[in-house]
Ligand SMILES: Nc1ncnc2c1ncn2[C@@H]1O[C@H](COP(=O)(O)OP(=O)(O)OP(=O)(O)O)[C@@H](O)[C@H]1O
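Here's a solo chain for you in structure tokens, the form predicted alone.
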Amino acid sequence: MQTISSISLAGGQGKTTVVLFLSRWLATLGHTVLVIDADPQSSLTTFLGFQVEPDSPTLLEVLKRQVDTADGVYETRHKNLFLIPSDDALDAVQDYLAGSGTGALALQRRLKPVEKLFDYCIVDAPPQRSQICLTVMGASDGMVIPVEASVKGLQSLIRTLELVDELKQEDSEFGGQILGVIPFRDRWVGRQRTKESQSNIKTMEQITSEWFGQSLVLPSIRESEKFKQAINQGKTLHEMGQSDLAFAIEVLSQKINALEENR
């Protein structure tokens, strides 16, 4: 099983959107996919139409070893797609992870018992530096950084890259690879990208080039109501007849395949 996380240290950057459409795309290709909602806001759980029942195990109980990992995995209404859900109680795991001494490895270790059941695990991380975010990154083979095409997005990108760099310096075993940066809410008017989006995406390219020696900016996710419609209807963009809007997700899936081939 290959574990890919969606990381960005600010809200509204497109993390959950990327996880939702990437996981569904991989599932439609015939892969068995586990998605993990590691954000206490639980947007991914809601978007997948899953209702957490009282006393039902969630990611909180999985991380705290109160249940076997498999007991926290649920089928979704989508073929080949499974979920470890969360709710707002997940915040309670912060102290547990901080006091365990190996909190950064907690998710990685909890996934071991189910890794042969799935081809991919796609994780939606919380939008702030936290113990949950650190354990998600510690479990990741690859990371994608969605970034809104705005000044706020640029600030989030820098903070996220700084955190990744910090983890690499502190933990020699940290091997998560950045697969790319996806500009989110890329605004176009007709066939022309707005000057604001164009300027901010160019700055993203400059930032990643300075950081890594090459631009890691992938095709953008355009601002469109079609994403919200697809989420509300439980459909993929291809099912909505919007395959052009899915291009960024298709390119990301190719990056993931290349990462797997190089392992």
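The numbering used is simple: start at 1 and walk along the sequence shown. Predicted, not measured: the structure shown is a model, and the values here were computed from it.
We do not show the form predicted in complex with the ligand, though everything after this point is about it.
**Student:** So if I measure heavy atom distances to the ligand in the predicted complex, which of the stretches 201-209, 215-223, 49-57, 65-73 falls within 4.5 Å?
**Tutor:** Of the stretches listed, the one contacting the partner is 215-223.
**Student:** Identify which of 176, 103, 180, 127 has a heavy atom within 4.5 Å of the ligand in the predicted complex; exactly one of them does.
**Tutor:** Only one listed residue qualifies here, and that residue is 127.
**Student:** State yes only if every one of 12, 17 and 185 has a non-hydrogen atom within 4.5 Å of the ligand in the predicted complex; otherwise state no.
**Tutor:** All three within 4.5 Å in the predicted complex.
**Student:** Considering only heavy atoms, tell me if residue 41 and the ligand come within 4.5 Å of each other in the predicted complex.
**Tutor:** Residue 41 belongs to the contact set for the ligand.
**Student:** Hey, in the predicted complex, is residue 228 touching the ligand, heavy atoms inside 4.5 Å?
**Tutor:** Taking the distances in the predicted complex, the answer for residue 228 is yes, it comes within 4.5 Å of the ligand.
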